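Given as structure tokens, the chain that follows is alone and in the form predicted alone.
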């Protein structure tokens, strides 16, 4: 098998693929996604980073300046309100130590100093609250700037590294709970790639082995395999995925990715099985297979040594296609609440954006980030799949 793959990558078709600029750009994009996946798996972005409140709720991305009314709300609720509440606690020192917003913590100052800052900020706040809408009161802009500066005194200055990490977390804004959209979108790359690769590998192996066995042996083996994939094909794929995923909803595996793997692998092998079966029926009639039979080699050896390796180009193309299908299907299932449960995914981000009314309120950062990252990954794999088909499919040579 290894020698067959080596010959495959050194063939004229592989050289044709390497001359395709579009395919090379798509491969570069995929490599970037894979590097992000490896970084997330190495805990560069942890699950805790994705669930931690790191800033004000529904903050805009790219550090865009908010409207005055929104700026006032952020300055009032981010640190001023929690610090004022902590100072009224029976143990204010302990309460202040618990006040955190991402990497922001309460400034290391005496309680009397903090109380003075809070009192001054609240006095300015009362003046600003006299306006019904700060967006329509430009004369209060200096007071708002003073209020923001005063509340900023409650925050301990960040080190250069902490400031960089905080800015990275806030790059695409925050969701309705104050969590980093950027970190959640990056973590979702790992989930998408993981589901896509596992589904594609398992489905291609199952489909290739069953298809090759059906095409090579014929008879009752072929009848059983054809009946099996015909039965599965007669059921709408999305309905079957939903039913299989729902079957795990009451089990201990609900919080893992196992239900998604089972749901996808139970259906995605069918296409590979069909094409490998047809190719095997053609290959078994060729001279080298007949020569192997004449030499006395067993059926299993001929199948796995001579026939199956010559369907590698079909397995490679189907791997890319199945990976795309798994990623898109995961987004759909997660959006319906039947896919990924205990970690971020693009489907969950899109669902949360709808449930929280982000789109209705004109806040597109969360749904936009999920769509952006998913779009370019799927587009890259689509371009690569077309290039693979053009390069390795004998009909296109």
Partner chain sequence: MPLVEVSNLVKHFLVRGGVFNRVLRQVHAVNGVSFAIEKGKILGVVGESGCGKSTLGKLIVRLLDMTAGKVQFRGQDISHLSASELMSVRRKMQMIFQDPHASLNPRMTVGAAVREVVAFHKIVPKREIRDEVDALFAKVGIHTDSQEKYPHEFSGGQKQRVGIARSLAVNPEFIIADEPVSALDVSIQAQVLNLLMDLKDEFDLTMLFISHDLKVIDHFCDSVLVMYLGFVLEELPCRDIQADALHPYTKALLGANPVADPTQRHELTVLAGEVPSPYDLPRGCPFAARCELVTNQCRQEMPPLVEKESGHRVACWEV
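Quick caveat, the model's predicted, so the values are computed rather than measured. Numbering follows the first chain given and starts at 1.
Same protein, other form: the form predicted together with the partner chain, not shown, and the subject of what follows.
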Next item on the list: With the partner chain left out of view, choose which of 85, 301, 149, 254 has a non-hydrogen atom within 4.5 angstroms of it in the model of the complex.
Entry: 301
Check: Which one, 297, 104, 232, 246, lies within 4.5 Å of the partner chain in the model of the complex by heavy atoms?
Finding: 297
Note to self: Counting any heavy atom within 4.5 Å as contact, can you tell me which stretch out of 131-139, 149-157, 267-275, 309-317 lines the partner chain in the model of the complex?
What the structure shows: 309-317
Check: Taking 66, 70 and 176 as a possible spot, do all three reach the partner chain in the model of the complex with a heavy atom inside 4.5 Å?
Finding: no
Item checked: residue 224, heavy atom within 4.5 angstroms of the partner chain in the model of the complex -> no
Note to self: in the model of the complex, is there a heavy atom of the partner chain that lies within 4.5 Å of any heavy atom of residue 123, even though the partner is absent here?
What the structure shows: no
Note to self: Taking the partner chain as it sits in the model of the complex, is residue 305 in contact with it (heavy atom to heavy atom, 4.5 Å or less)?
What the structure shows: yes
Next item on the list: Decide whether residue 293 counts as a contact residue for the partner chain in the model of the complex under a heavy atom distance cut-off of 4.5 Å.
Entry: yes
